[in-house]
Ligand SMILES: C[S@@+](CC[C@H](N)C(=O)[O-])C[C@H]1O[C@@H](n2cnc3c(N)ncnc32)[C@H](O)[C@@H]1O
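Given as structure tokens, the chain that follows is alone and in the form predicted on its own.
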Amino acid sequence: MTSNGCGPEAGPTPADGTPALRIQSGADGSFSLFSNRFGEGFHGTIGALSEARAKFVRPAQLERFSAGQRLVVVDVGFGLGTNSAALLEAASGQGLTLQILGLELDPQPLRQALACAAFRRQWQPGTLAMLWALLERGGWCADGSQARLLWGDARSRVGGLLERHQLAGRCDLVLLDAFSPRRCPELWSLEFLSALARLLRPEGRLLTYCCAAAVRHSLQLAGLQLASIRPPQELGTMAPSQRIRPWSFGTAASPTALGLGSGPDCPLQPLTTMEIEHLGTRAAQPYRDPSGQAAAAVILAERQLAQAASAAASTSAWRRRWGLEGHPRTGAEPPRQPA
């Protein structure tokens, strides 16, 4: 669905004339994009703003921090900047400041978003100023907060965060919002996730929309404890055509135990028996990229071979056991389904 108030798509166009990115919006009407290269939207059906708040801002539980604190945030797959922008506005309301380091390969999504009046209207003036400054100059600083965009392959950039920026063990939040593992396995490998885990403070959190068994198992292997992000209550108010049947809205991971709760107000909940069993299936076979330079096709092919040789339970048997047959996208919100 095309957002109102936006002109024609900008940016590079493949030889067949198809735009590389096309504008779309979700149930909340907020601005997003669809990537024809990856065959996947930047956000799910609930909408970009709703997703940022439900899967990143709310599970961050900013109320854990004292007013006046500065939080160190790494945003992997900065894209349109929606996650960092939503977090900045929420942090300001809590009296917190942020030091944001965004990792992004392509400036075009942010450029195309800022060219659209509907996207610009979503943000407070200070937030919009941050996004413009990041696009035009790669850096921004105001009101005690600062942000910097590091362009290039996130696999190489994360090494710089650990070494040159000396962020090992210093990050309060890592936001991981790359395209899904089946589309972009480079940013979901055991090696890359282990590097992100090294960034975290003992009470820091890695947050992602993804609940794929391979990703969760890799986070465990990286020494992190897991929790499931609870689907927001407002899902029940969506139109029937927009409703989904999620058992998780994503994953939170931390070096130390996460604060979990059973009530609807707590954004994190323990993994269910079904989710734990998922981690014992062939779906939990990690994506591997020891060199940090492998192509997506190579990573996918090698994982498929490892799954075929695995003695783990079949994923299809797990699906049958839990009545998930016929629901290929049950779990995470489409199109970001578990692998």
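Start at 1 with the first residue shown and count on from there. Every value quoted in this text rests on a predicted model; they were computed, and no experiment measured them.
The same protein also has a form predicted in complex with the named molecule, omitted here; what follows describes it.
The candidate site formed by Arg216, Gly250 and Glu275 is entirely out of contact with the named molecule in the predicted bound form, as no residue has a non-hydrogen atom within 4.5 angstroms of it.
Taking Gly79, Gly204, Pro181, Pro231 one by one, only a single residue has any non-hydrogen atom within 4.5 Å of the named molecule in the predicted bound form, and it is Gly79. This chain is drawn without the named molecule; in the predicted bound form, the residue among Asp143, Asp265, Glu136, Asp153 with a heavy atom within 4.5 Å of it is Asp153.
The closest non-hydrogen atom of Thr208 lies beyond 4.5 Å of the named molecule in the predicted bound form. Put simply, Leu260 is far from the named molecule in the predicted bound form: not one heavy atom of it is within 4.5 Å. Not displayed here, the named molecule is approached by Leu105 to within 4.5 Å at the level of heavy atoms in the predicted bound form. A residue is said to contact a partner when one of its heavy atoms sits within 4.5 Å of a partner heavy atom; Leu187 meets this definition for the named molecule in the predicted bound form.
Of the candidate stretches 194 to 202, 217 to 225, 265 to 273, 96 to 104, only 96 to 104 has residues with heavy atoms within 4.5 Å of the named molecule in the predicted bound form.
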